[in-house]
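Only one chain is included here, represented as structure tokens and corresponding to the form predicted alone.
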């Protein structure tokens, strides 16, 4: 497992990371013991770039990652996020805050839950429409000066917002969904990151598990699984998207790898500044994901994949309508 420069401010991260969200919420029942074993195995395999957020749980995922970090903080490039607010009386309801006072208090709370003195990469999870990005990033920059954060990042932002933010304080990374069925970042933000020396962190590189080929029916998902409410997993969208997965499965079989490995190898092929962070809570899938690093895609393979999975190939939006408005701000 190689470690690569994560942006231009001195951070490094394993070329393949681990999204920890599903260990605590959204994708079926929790099993903290199994998740902790998976985090242990991740370090054994060199997967040392871990991604969490205060909103996952809420708070439970940071606490879980904090347990796994005990005694080995120096081995992990730790990323967490702030900025999404959840209503305790209505867990599905979301608000946003990038106010400077909240930036400071959210960071202090995350440090405490994680049991660390410093966060390697601290993201604004979503842009607060009521606070200028320059004010939010200015407060985040102060955390760097205070030594509480090593680098700062933004999630689901437009190229224009990235440029405004980067002019206030250097941005180390931008995180957005990117996969064979979510290629929106290719329109602007990938080029902007490359130009500014900003890393791009690809979350959901396996299409929230759909591109693995393991999900053939909505019945395969737990009753409380978030994906039951995702447009791409519903009705005719689900059926159409299965056709895409079938094409990926066929090509993967020809390459002698799994669909997951093909999908990850494709993301890895997009550039050295792109870090996929597939999420899993099971050792079996973690090991399968790591093996994607051994899959080599030829120019011919990449050309064929572009034909099989062009932009806008997915049927349905990435999120429910009420959540789409917070993206690409």
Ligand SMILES: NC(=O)c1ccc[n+]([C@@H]2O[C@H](COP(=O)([O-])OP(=O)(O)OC[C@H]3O[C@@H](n4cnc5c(N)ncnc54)[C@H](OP(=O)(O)O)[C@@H]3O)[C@@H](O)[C@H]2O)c1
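These numbers were taken from a predicted model, which means no experiment stands behind them. Numbering follows the first chain given and starts at 1.
Just so it is clear, the following notes concern the form predicted together with the ligand, a form of the same protein that is not shown.
Contact check for 7, 185 and 275: none of the three has a heavy atom within 4.5 Å of the ligand in the predicted bound form. Look at 144 to 152, 234 to 242, 198 to 206, 247 to 255: in the predicted bound form, residues with non-hydrogen atoms within 4.5 angstroms of the ligand sit in 198 to 206. For the options 161, 230, 77, 212, the one in contact with the ligand in the predicted bound form, meaning a heavy atom within 4.5 Å, is 212. The closest non-hydrogen atom of residue 266 lies beyond 4.5 Å of the ligand in the predicted bound form. Mapping the unseen interface onto this chain, residue 51 counts among the residues with a heavy atom inside 4.5 Å of the ligand in the predicted bound form. Put simply, residue 20 is close to the ligand in the predicted bound form: some heavy atom of it is within 4.5 Å. The closest non-hydrogen atom of residue 282 lies within 4.5 Å of the ligand in the predicted bound form. In the predicted bound form, not one residue of 291 to 309 has a heavy atom within 4.5 Å of the ligand.
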